[in-house]
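Below: one protein chain in two forms, given as structure tokens, structure 1 then structure 2.
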Structure 1
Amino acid sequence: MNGDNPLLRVRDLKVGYEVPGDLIVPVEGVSFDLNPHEVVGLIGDAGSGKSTTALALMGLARPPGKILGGSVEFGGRDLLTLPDAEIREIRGRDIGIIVQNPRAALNPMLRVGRQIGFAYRAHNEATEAAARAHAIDMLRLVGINDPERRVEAYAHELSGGMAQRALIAMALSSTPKLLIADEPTSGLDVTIQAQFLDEMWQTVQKTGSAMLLVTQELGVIANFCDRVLVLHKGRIVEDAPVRQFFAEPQHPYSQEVLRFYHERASGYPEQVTGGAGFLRTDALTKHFPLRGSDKVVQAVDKVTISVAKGEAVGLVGESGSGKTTVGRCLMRLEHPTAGAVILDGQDITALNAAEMRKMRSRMQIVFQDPFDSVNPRWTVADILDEPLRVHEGGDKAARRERAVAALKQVDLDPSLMIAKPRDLGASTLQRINIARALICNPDFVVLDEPTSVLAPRARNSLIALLARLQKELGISYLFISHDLTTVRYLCQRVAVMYLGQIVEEGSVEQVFTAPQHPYSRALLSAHLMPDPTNRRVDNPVPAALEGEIPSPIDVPKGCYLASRCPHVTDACRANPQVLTDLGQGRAVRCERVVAGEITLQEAAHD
């Protein structure tokens, strides 16, 4: 806590939830200051009280929660003692809040523009037309393409990322002095995330406002925050400048969160030799027909990718690039429109249903949301027994023994066999999903964003587990992720996707240290590595790609990146690009890079 005149002063804040016969206190004695021109990060495990704290700063608590005590001083007044009418004037005008779930926060019955306009007019004198024009400006500010059209959209007509940006626009509409941002970038692609955080950081510096940034992303903390608050079991256990926090964490929880970062800060996973092409695709294509139209959604376009025995290949790209569809096609959960998927020399796209059912024991998938991946009525024993019963049969007692061994393999206690999903946290349930995927000893596993919903400590632990299992069992992974830090730590090779195409591939070291394709460069420059010694805010911000990814219904004639690329020529717009082998395991889909017309140095100074 520092500063003689903090913008926000929190002392001994307590929030409790009354349940039958008990009082649960998830926030117990939180104290900190927030100064003008300051961005402060708040991190902690799921359930540590981060979101509860964020709401309580505005005098709010989700039912049946109650603020039990403490003070929140803002502008010389304790917000917790103000009459409802006075604190309503402050909320939205002087203090803005961005919550994590935009679907729950936006009114499904009102157009997005009207909702932003209502928030603006509640604190500013403006006509309805002026409020609509302001809403368009705010949507443009947060990176929404074609805001004149989007302002008339309902929440369900927007993607998750667009809905989150609409919520951000609403929070910023009255230029608040303090912004409380609860996981504000969780639904955004890395390129949009970086642009939003750039804007917010610059706004804080220019206006003397402040931001409390609740996040689970260490990269966001390292690149944009001045200080770090660590919330553990309802209390602030560490308050430190960001560089000091990363270099010398003091609390055991902080040390555990950062241990993985320090262990993997240098070096890359060792390359796999031999067993090339254990799983490969040949011009894999997937189109989804549009009802009532002869047009199609081109989700995957002639993707050729190879995974060696025992190798982890990362598949990265923006939302809508086709990553998950590739994974589902590899598993035959979606039947490819064209092309082949070959596992150990056998084309699985040619198998009938019975043959494919037998093949499934050799290839498995772990999905993004652990709770959506299991039957909520089943026990863990039932969940783990199902693949054994379907693929191997055998004695029930023997299957139970295998299930117990599978739990131990993913570092879980066999006592969880009787538990149901509702009794488990996201990290534990994701480990159970991994145990289920591995219980029949597969050769290949698709991991579709398996760590995205986890807190830092749980994420680090799961990455370490996946790396250990890969080494012990010799499994091949296709690791689909938007988190490039995780890809860097786990994978040997990486493929970058854009609008259904692979635009670059190579070893992780090659692509991360010297990306060749303009899209790869933009993606990696926007990615926030957890390194406070090389902060994004301390360096010139590289030029971002303009606009959004084009529609997969009407793809460009030539290069798919042409409408966004700073290096575009007329030839790029006219000529379809071909993935070209550069040697040493590298390939790139850009004729100007292949011809040597675009160098890494030129791109860096664009």
Structure 2
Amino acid sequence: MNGDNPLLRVRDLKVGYEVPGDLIVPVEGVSFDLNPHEVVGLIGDAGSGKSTTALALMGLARPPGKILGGSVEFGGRDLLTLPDAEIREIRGRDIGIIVQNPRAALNPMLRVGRQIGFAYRAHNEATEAAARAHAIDMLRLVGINDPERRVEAYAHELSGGMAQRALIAMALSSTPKLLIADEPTSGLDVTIQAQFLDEMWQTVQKTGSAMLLVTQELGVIANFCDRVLVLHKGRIVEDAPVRQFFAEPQHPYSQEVLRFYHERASGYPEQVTGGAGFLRTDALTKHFPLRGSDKVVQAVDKVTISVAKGEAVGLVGESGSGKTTVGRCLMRLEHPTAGAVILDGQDITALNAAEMRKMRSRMQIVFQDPFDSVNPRWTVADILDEPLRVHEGGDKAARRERAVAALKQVDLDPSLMIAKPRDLGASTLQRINIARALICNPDFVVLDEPTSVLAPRARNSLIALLARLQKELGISYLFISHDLTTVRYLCQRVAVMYLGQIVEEGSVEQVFTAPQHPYSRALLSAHLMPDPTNRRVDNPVPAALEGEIPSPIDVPKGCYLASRCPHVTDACRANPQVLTDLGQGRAVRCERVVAGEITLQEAAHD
């Protein structure tokens, strides 16, 4: 698929990091071409050298890194041998870049407007005033409201999303011939993520430039890329058009990454029968007092959910919608302001400390960052032993046997017992966290974004593991995630949260094939399913929700979505909405849907 006249020709690129007494070479011989008009995805595991490669394309390496060899031909010249002054002209003008951590990329000591101005004036003749005006225009262009005020802001005063927008604006404004985007939307909510990728894609199409899109998301690859490069062990191991890549991955690594995509034909997980209401909440409410004010943050608002025995229920929604707080209240890591949490008929909010300690062995939680929840000085053996010692006692040898069995259960080798957390990768450690959660045979586990820090391959295998354990052990899960793809594979039922409330609830099949609530619809239409035959860029997509999620401090009086809903009426703004049962396990919090006034659009995803 290499054209005759590529825009960028990379050959044998080699980058290493000098660490005391050693040289690590994460990129050891990368070769590929990029053609005009092409959007190429670059995927690979965490730490596989994607970012290192992206920087090296511009002749740079993050200290103490060094480019050790190879060539990067762009416009007939090798960027790696160009004099400093010449390559500085190309950077930012002919090749634009969006880096992984946008807030850290902005100079913390200069106002954002000045920085954008400097970038502009590095490649254009302009006065300071003109550059400032240009900066304001650019911020307005990427949808930052009140740009006159924002140009005066410092980086730490911007949200991650705003900083990302600023970077995107800077990269696009010079209409570069090549755009390198390193996980450009990783910090953004799904709804905004899709909008930005749309925009970048359109820019590339309009201006005939090319884009290298570094990502860990198969959904992003499937929906936006024409071709896929797979980086594994420092080399490109696969280079294929996107449909071919999804249909017939060649390299074993690619095959593993795509395992779920291929198993998809098996349909949705089977519904469980019986054991309903094994764990349930009753109007669970959590308010956080706001310091220096008598207002409260309304994090969770009368959430009633129910998980049957052996069932996995997904809890989805944008960041800040209250998912994690629900999980923490279930575990009583947070004491609910009102409402009850009932496990197997017992209200755990009413238990005293001793009773709660006993209860803890029956319910467990796994957190997002595997390193957060372990003592870094403990060995794996210590980590696994702790819950046994606390909850069950027994002699040491028996406990050790249990720990070894738990390791095997999560497909890890017993030799890891002597390892410490820093010796382990995130995905191994997350398995150990899961082993620890399961070691006392709990009935119920809260999984709070357990896969979100993992690379696609590790994520896949962890989901497979969780599904297997659920089947084998009959545990109930509450699976908190903003990644709808994993929810779809693991869960039987799903609840969609918005601003502390559940707005829709039903089986995964019901909600994913025919979402009813306007918010669920927006969420699902923004979600990038890893399916290259039904690409977002080929189909017109329904308009995304406008605006941003309101603050949970001053919640609206009527429907919480009223400020963003395309179907809003005056009645919506006035009436608080209630979650209404539609039968067949479905419930929706929207009076217009219940009244049948909003007709169902095309199924978002089948």
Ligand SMILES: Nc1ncnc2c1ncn2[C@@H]1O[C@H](COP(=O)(O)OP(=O)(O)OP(=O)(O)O)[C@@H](O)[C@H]1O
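Small disclaimer: the values here were computed from a predicted structure and weren't measured. For numbering, take structure 1's sequence and count from 1. Under this definition, the rigid core comprises the largest set of C-alpha atoms superposing within 1.5 Å between the forms.
Do you reckon the form predicted together with the named molecule is 1 or 2? The chain shown as structure 2 is the form predicted together with the named molecule.
Using a rigid core superposition, assess whether A381 undergoes a CA shift of 2 Å or more between the two structures. Shift of 2 Å or more: no.
Under a superposition restricted to the rigid core, does Q115 display a Cα displacement of 2 angstroms or more between the two structures? Yes; Q115 is a residue whose C-alpha shifts (by 2 Å or more) between the two structures when the cores are overlaid.
After fitting the rigid core, is the C-alpha of D12 off by 2 Å or more between the two structures? Where the cores coincide, D12 shows only a C-alpha shift between the two structures that is less than 2 Å.
Superpose the two forms on the rigid core, then give the C-alpha shift of E89 between the two structures in Å. Value for E89 between the two structures: 3.0 Å of C-alpha shift.
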